[in-house]
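Subsequent text provides structure tokens for two forms of one protein chain, presented individually as structure 1 and structure 2.
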Structure 1
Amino acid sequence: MKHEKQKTREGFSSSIGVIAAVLGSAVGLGNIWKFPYVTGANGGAAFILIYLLCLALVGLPVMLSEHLIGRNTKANAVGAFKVLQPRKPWFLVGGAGVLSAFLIMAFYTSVAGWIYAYIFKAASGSLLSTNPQETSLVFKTLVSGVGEPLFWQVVVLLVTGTIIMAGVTKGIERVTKVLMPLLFVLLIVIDIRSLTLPGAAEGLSFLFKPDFSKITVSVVLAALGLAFFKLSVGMGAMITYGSYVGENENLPKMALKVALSDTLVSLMAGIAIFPAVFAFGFEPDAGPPLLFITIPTVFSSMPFGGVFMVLFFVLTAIAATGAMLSLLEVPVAYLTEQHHWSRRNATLLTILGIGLLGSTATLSNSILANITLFGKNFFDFYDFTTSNVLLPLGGIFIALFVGWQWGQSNVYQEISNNGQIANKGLARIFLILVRYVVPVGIILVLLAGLNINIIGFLLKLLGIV
């Protein structure tokens, strides 16, 4: 039996709106920035195959778990666990998600600010150079500044805050229903241009022709970590968005559509980048600078490159904005529902807090460069704490909660829409994954993120050494 829901609560108005919003959350800088450079650093096509396997075994089950919790309770990340387990401390898992979303926004808005700035830099022609040293200087000047990066971070917060204040239906859903199709259109345009470059075939071969000799333990761990982080799980976003989903929505099908669409965006980003990178003789494993240093140089080397560079950074800004909406909605939903704040006040307070904390991340390359926490500057500390500790722990506990604590019958009822969908076989497979496979997989991600020797750890665990 369903729990009593809150009486007045917004939700997504259509299946298309659900897909657009959830996809907007999953598609972020990870698709346009991290996926290409991690793929490049780990050998291309073979890595992608391992990634897809890890996505099916770990990322997708955690996403579906969060959707099930959210829709069943119609509550925010903290309130959901209080509804399901009112006298147990499971709400701390939701609290960790709210904290994670807040900390991620602190440094994510900094990077998004760089993206926003690059749209105008590309349009003005200041990025048009085939010399990587010149594009590198532009990037270093931006991130090591004070006024300019702070200005763009404020712009990012005002944009996302305005959308969130408009509400779930008129804000998040309406905007993502426009942004996601636009993202695909821009990717298609840039893909077509990239594929018409001389030597593009080498980039496609790198992306789609697997070389299994490149698969190592570190490659598998990188794929596992990327599959977990790519779907915006472990931070309360998918619980919050799941709570806005209608009772008749087929959650497993929706989660699969989002995962496949998210992967498609990543592959399209790879098609946009790697043929061009190979065509002009750049290295595919350039790492994080790929986006801000290599890409401008690549586009500058092609006819009408300035136009395509602007389009590229516009689509990157779209991806970043969709992800930030889901992150910002997590603390806002918490404040409005648990503390009964108005959406306007909750949003204003949240973006103010993010702005104050996030400024320390933004200034980590300038006036705060010499201040460290546990040997890391503010930017790296927020990134490390969320990516390597809070998110993996959140994912593990969510899987354990759904797999062992919530109850098999409750999972069957929710995943089948109270028996309306005949998917008991799928439900059994899902429970096996969240009970056994997902916790082990995320523990490996956690250990790798903490730089713990996994092989040695397992040998000690088994008593071999």
Structure 2
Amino acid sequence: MKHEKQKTREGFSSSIGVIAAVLGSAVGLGNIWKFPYVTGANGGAAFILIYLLCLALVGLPVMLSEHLIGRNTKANAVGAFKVLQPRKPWFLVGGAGVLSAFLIMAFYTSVAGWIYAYIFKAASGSLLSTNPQETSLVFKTLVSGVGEPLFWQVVVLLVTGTIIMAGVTKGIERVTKVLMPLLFVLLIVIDIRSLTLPGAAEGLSFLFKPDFSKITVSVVLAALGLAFFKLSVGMGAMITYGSYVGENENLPKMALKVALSDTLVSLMAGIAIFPAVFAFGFEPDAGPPLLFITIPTVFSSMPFGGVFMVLFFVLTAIAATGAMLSLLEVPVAYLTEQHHWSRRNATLLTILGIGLLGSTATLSNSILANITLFGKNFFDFYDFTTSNVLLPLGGIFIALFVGWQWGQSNVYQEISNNGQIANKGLARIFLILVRYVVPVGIILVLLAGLNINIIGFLLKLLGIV
């Protein structure tokens, strides 16, 4: 059954436009900033293997679930559940997603602000140095300031808000379609430079030679969290984007294409960064500053490095902005559709809220540094709880909804475009994943993250060990 709630709803105008927008949501700071720093902090290659497993078994099925729900209902994250289950509280899943969007944007706009600031620092030449101490100092000075990082965060919010106000097809599609390929080409250039640095081999083996002794529960939790964050899933952003997708789009194929391209971009960012980490004597586990202190040294050691460096930060800023559009779109679509706000007011209220919350993330490196929640400063708290708690929890419910609540025949209809695509086998595998593998897998990892070893407990209960 189709829900023709809004016949005149704006949508993406072409198949390429759809993929560009969904990929534009996936590719962002997650690839260039988060993937390298989380990989570095969790020991390298073994972490990457687990990450790939989480992507395939959990991230991809949740992405497809969101696209199916979104396209079927043509509604926002909250409205979609209300359309499908008007009398049950599933819409709370969408509500939690709207909340997660705020928390993610709080730190995301802060990091995006650092990127914007780096465009100008790169242009002024102050980042041209192959001395780790110097590049670290530039970064520390920026983030421990008050006015400068806040200023850039506001700029980020205004830029993103303006594009969102312009509307879906016009704004999102146009910006992301053209510039993603350019970022890709530039990454190839940096990879070549990084790989030819003396000592690059050590960085490559860090990335690709797994040391399984490094795997702990927190490494697995980090890999799972990154899979959600990377694919923009677990909070309804892909429900919202799915609602703009046309009836003839092959959704499983699209999800697979997006996940593969996104992973390629992450790995290329890793290849840009880790050889340099070892060549210049940085620590791979530097955490969130990693990108900002290593990348300038790579550029500084190549011809025309200053020019390439500016270009790199411009393109990264664009990728980050494209990803943010999908985050901002979640509360905006919710407010306009569920509460009939104008798009303009919905956007303004949302960026105001994010600005207030986000300033606590930005200032957690300066005046709010001493305030901690569960042992983490504001920035780390938002970063950790969204990726490692809220998105996986959202993923469980989205998977359970599609697997057990929506109805098998509805799922088959939507996944095959009403029988137009012969993909019954694939649909069966998908249903097994969302019914069992995704919820059970996430619950085990989350419980283990809370130090509850359920398998050990069960084995003991049964008297096996």
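For residue numbers, the reference is structure 1: its sequence is counted from 1. C-alpha atoms forming the largest set that superposes within 1.5 Å between two forms make up the rigid core. For clarity, every value in this text was computed on a predicted model and none was experimentally measured.
Enquirer: Compare the two displayed forms of this chain and pick out the form predicted on its own.
Expert: Answer to the question: structure 1 is the form predicted on its own, whereas structure 2 comes from elsewhere.
Enquirer: So with the core overlaid, does the Cα of Phe81 end up 2 Å or more away between structure 1 and structure 2?
Expert: Shift of 2 Å or more: no.
Enquirer: Would the C-alpha of Gly270 be classed as shifted by 2 Å or more between structure 1 and structure 2 after rigid-core alignment?
Expert: Yes, Gly270 moves 2 Å or more.
Enquirer: Is Gly394 one of the residues whose Cα moves 2 Å or more between structure 1 and structure 2, with the core superposed?
Expert: No, its C-alpha moves less than 2 Å.
Enquirer: Cα shift of Asn42 between structure 1 and structure 2 after core superposition, in Å?
Expert: That residue's C-alpha is offset by 5.6 Å.
Enquirer: With the core fitted, just quote the Cα shift at Ser213 between structure 1 and structure 2, in angstrom to one decimal.
Expert: Rounded to one decimal, the shift is 8.1 Å.
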